[in-house]
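Take a look at this single chain, the form predicted on its own, given in structure tokens.
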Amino acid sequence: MSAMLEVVGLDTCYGRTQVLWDIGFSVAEGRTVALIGSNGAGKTTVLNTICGILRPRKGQVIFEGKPITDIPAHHLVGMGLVQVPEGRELFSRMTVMENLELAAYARRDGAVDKDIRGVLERFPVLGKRRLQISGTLSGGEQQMLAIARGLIARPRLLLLDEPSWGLAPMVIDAVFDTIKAIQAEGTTILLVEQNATQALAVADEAYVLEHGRIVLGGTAESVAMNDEVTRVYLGGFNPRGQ
């Protein structure tokens, strides 16, 4: 199975402070890869480096066989590399529909209206609130809108940054049901998530990030069965049911 994304030896700094060391992993087409770790481990920094928001001091990002480390972030969206950021980052004073329409700014095809209808069918609550100001939605509804906005950009690779952030357990379950549905349609996903139980339950492969370094990687099942991962991140529970 060919790699859609390859991350090779990334070092990333904020000013003079290094926060990532020699990060390397790959994401195969059609697969879901989870990057788990505690708050502050560097997970979002990895995504922002992949997406061109941050420039690495060293290393390379290769997307569909092409080095993209020096390509501006807004061009990467047009190439199909789409991030749903931590904290949603919606246009909070705009309506649901306006947020979805803005998500299609880089598209030059005639299927935008069809795709908007499609995401409103996927998320019926957004259809009911399409004229509502997005900043007045509940946290779960805002997360659904953030994911819908990402899908409007027709991602080849969808990067999800902490989709369970700030949500109630019942809403988290609904968000991950949506991720499973997106998986089933063949979208390739890189998932950054502090909720290791949920992440490992949906992932094919997983990596554990600690203090800016990858300390463990493999199939999601093998990572979930690791004694240290079970103790530190899973509270003794194996989400793979082994």
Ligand SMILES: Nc1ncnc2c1ncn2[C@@H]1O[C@H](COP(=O)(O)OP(=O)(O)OP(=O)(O)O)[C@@H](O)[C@H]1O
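Bear in mind that the values here come from a model prediction, so they are computed numbers and not experimental data. Start at 1 and count along the sequence shown; that's the residue number.
Below, we refer to the form predicted together with the named molecule, which is not included among the displayed structures.
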Next item on the list: Can you check 58-66, 31-39, 171-179, 197-205 and let me know which stretch has heavy atoms within 4.5 Å of the named molecule in the model of the complex?
Entry: 31-39
Next item on the list: For the three residues 14, 43 and 86, verify that every one has a non-hydrogen atom within 4.5 Å of the named molecule in the model of the complex; reply yes or no.
Entry: yes
Notebook entry, point to check: Does at least one non-hydrogen atom of residue 162 fall within 4.5 angstroms of the named molecule in the model of the complex?
Noted result: yes
Margin query: My question is simply whether residue 234 lines the interface with the named molecule in the model of the complex - judged by any non-hydrogen atom within 4.5 Å.
Written below: no
Notebook entry, point to check: Does the named molecule get within 4.5 angstroms of any non-hydrogen atom of residue 19 in the model of the complex?
Noted result: yes
